[in-house]
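Just one chain follows, in the form predicted alone, and it is written as structure tokens.
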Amino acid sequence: MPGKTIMVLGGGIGGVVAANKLHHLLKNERVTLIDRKPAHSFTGSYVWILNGKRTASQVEKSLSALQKKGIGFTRGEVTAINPKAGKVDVDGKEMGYDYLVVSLGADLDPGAVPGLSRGGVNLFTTDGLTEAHRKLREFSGGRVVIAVTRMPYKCPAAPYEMAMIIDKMLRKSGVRERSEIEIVTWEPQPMPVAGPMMGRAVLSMIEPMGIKFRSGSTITAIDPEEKSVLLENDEPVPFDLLLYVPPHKCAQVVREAGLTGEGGWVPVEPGTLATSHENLYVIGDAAAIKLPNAKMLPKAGVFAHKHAETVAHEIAAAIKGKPAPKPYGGEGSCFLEVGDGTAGYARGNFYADPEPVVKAKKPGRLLHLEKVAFEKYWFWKYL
């Protein structure tokens, strides 16, 4: 009897972990990962591109490396998903599956904010981070504004990490005393889903550095000529250098497949990541999981990683006819880079009722070294 075909769409963190775990659990089944790009880009290292500790090529590795492990890799554009027929179209070619794991992440949509692309630099792409690094090295002083344009966005810690890294860069270049750094965001506090304690912890890190935090700000547009961030019901915020977190939206092919629900993301069962379609799972940034406090689970690599492992066990149990595995319980953690060779760390349970329970460790050199070690471990284990 021919084996089952398990297809994984997307070569980000969730997709790569899912493909590896599925192959490990199901040696006799066909596991294939599909992505339009030839390489995996490890987003956990992106903050180091900003301060020049990494280049874009140093945080990437070819997805064809999966084939050496016995995992199939097809490079191509997923142009359609047909859950009822159990098929996907890749570059116009129809391919069937028995189980489908959708890990296509979130598309970046800077065009949703007028003037954004012309007025600033995108902090969520390797090209943008490379450009931001160059501009900061050449910066002679003035106002640096980090604009969080819309919610939700992936990696909620990123704007705060980058603000602290910029502070260190400007101090090193000798222009910090004649510069200002300000974060402009809709968020009422840093990382609001993690709770007020986590928000206070982040503020206690950035405020002593002189980094301003402008909360509750709805950004309506950017005026590139006047160099200002336009806000709803507030005065414009001037800048000399604008670095931005762009609006996010679910991948077009996922929306066209009719998988998305209210809010534009895919509703999934919190413990299994299953959708309303048989044998179809959605993991990572595209998934929408409402927490007991009515907020949504953040979009972050650690959650994509946990989702991937959960789904792999779910599929393996179904194929082998074994009892369902332990469901995902909402655990998550992340490092918080400070920029001077130190990092903080937070860990918690986001499914806790009534509020997520998150604990943070103070920044230290050892935590930074642990993150560096994790980066090396990631590429060794998964690619």
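Model, not experiment: these values are computed from the prediction. All residue numbers refer to positions in the sequence shown, first residue = 1.
Keep in mind that the form predicted in complex with a small molecule is missing from the display, and what follows is about it.
Colleague: With the cut-off set at 4.5 Å between non-hydrogen atoms, does residue 61 touch the small molecule in the model of the complex?
Modeller: No, residue 61 sits far enough from the small molecule in the model of the complex that none of its heavy atoms falls within 4.5 Å.
Colleague: Is residue 77 close to the small molecule in the model of the complex, meaning a heavy atom pair under 4.5 Å apart or at it?
Modeller: Residue-level check for residue 77: yes, a contact with the small molecule.
Colleague: Evaluate residue 371 for contact with the small molecule in the model of the complex, applying a 4.5 angstroms cut-off between non-hydrogen atoms, and reply yes or no.
Modeller: Because a heavy atom of residue 371 falls inside 4.5 Å of the small molecule in the model of the complex, the answer is yes.
Colleague: Look up in the model of the complex whether residue 253 has a non-hydrogen atom within 4.5 angstroms of the small molecule, and give yes or no.
Modeller: Yes - in the model of the complex, heavy atoms of residue 253 and the small molecule come within 4.5 Å of each other.
Colleague: Is the small molecule close enough to 104, 123 and 285 in the model of the complex that each of the three has a heavy atom within 4.5 Å of it?
Modeller: Yes: 104, 123 and 285 each sit within 4.5 Å of the small molecule in the model of the complex.
Colleague: Could you check which residue among 133, 306, 154, 313 gets a heavy atom within 4.5 Å of the small molecule in the model of the complex?
Modeller: Going through each option in turn, the one that passes is 154.
Colleague: Name the residue from 274, 197, 291, 302 that puts a heavy atom within 4.5 Å of the small molecule in the model of the complex.
Modeller: For this set of options, the contacting one is 302.
Colleague: Which of these stretches, 30-38, 64-72, 338-346, 320-328, has heavy atoms within 4.5 Å of the small molecule in the model of the complex?
Modeller: Only one stretch qualifies here: 30-38.
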